[in-house]
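In the form predicted on its own, a lone chain appears below as structure tokens.
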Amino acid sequence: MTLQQMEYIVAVDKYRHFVKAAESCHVTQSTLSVMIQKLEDELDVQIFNRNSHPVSPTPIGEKIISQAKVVLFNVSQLKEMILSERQQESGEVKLGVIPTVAPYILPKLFGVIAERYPGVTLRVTETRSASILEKLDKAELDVGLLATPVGRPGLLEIPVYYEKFVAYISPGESLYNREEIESGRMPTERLWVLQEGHCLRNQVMNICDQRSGYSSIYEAGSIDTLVKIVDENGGYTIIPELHLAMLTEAQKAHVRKIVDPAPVREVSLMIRQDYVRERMLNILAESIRRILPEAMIDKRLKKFAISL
């Protein structure tokens, strides 16, 4: 039994004529007749008395048609509700953000949302990628903001921006004397990294030369801590481009570009495939766009709104 079949029997009841009913449904008369016959076979009843002129429903057919009208009405109400929900600019949105993105996005994001969309309540959880994905699976979060691609079944990835990595190097290191550093020639000795579980840690390790042994004795919980460790203990670390704004002028002198190739991370909004709040998703994307340099924003997001 399908909604289409219900629409067909309601149309025949309305017009009491198979050809006119088919025209109103924009199908051929044969298609409409076959689908109604299949419904009658499935229910093992005769819905219409085809020998009468005009066509009329049988007693059981009248009851079926009556219920079909109720179902179709409820479906139309559901569609209207979803359409309203898609375009709604108010309500609560539960957002999960990874720690290596949160410091650069959240402080200004709260302000932009409050100023431009006062009806939106943003509830944020700062946690690691694995936790965000799990909470999205369980519908405990509406949206995630994290590094991609992830390729998680049942979740959609919407790229928002692309961010380069740079090296932050202590003046006592040999790498410090280079203006640019080739990504394949960055040793893991004297490298300070984030703790296990941070996706940025894996990205950093992929940048560096894995032929050299990893000898760091401490794995930090934040990028700010990594920078301070390098300042006090030497060595070097790799930080995202947006962290540069948090460095002092003296610290910026310790930054070096990474080239051949320049490592970049993709940061995306992630949602469940059944997420319908299209306008809310665009509000988040638009607000993040206002925070970041235009050159970092995904080209498609510059031209098009997100459509679910």
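Counting begins at 1, following the sequence as shown. Here the rigid core means the biggest group of C-alpha atoms that line up within 1.5 Å when the two forms are laid on top of each other. Computed from a predicted structure; not experimentally measured.
Only in words, not in the display: the form predicted in complex with a further copy of the same chain, which the text now covers.
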At 4.5 Å by heavy atoms, is each residue in 60, 67 and 74 next to a further copy of the same chain in the model of the complex? yes
Quick one: is residue 168 in contact with a further copy of the same chain in the model of the complex, heavy atoms, 4.5 Å cut-off? no
Would residue 6 count as a contact of a further copy of the same chain in the model of the complex, using a 4.5 angstroms cut-off between non-hydrogen atoms? yes
Looking in the model of the complex, any heavy atom of residue 259 within 4.5 Å of a further copy of the same chain? no
Under a 4.5 Å heavy atom criterion, is residue 279 part of the interface with a further copy of the same chain in the model of the complex? yes
Quick one: from 244, 45, 253, 34, grab the residue that has a heavy atom within 4.5 Å of a further copy of the same chain in the model of the complex. 45
Option touching a further copy of the same chain, based on a heavy atom within 4.5 Å in the model of the complex, out of 228, 94, 116, 135: 116
Using a 4.5 Å heavy atom cut-off, which of 160-168, 144-152, 108-116, 176-184 contacts a further copy of the same chain in the model of the complex? 108-116
Residue by residue through 229-264, which ones have a non-hydrogen atom no more than 4.5 angstroms from a further copy of the same chain in the model of the complex? none
Spell out whether the Cα of residue 114 moves at least 2 Å between this form and the one not shown when the two forms are superposed on their rigid core. no
Core fit, then residue 45 C-alpha moves 2 Å or more between this form and the one not shown: yes
Did residue 177 shift 2 Å or more between this form and the one not shown, C-alpha, core superposed: no
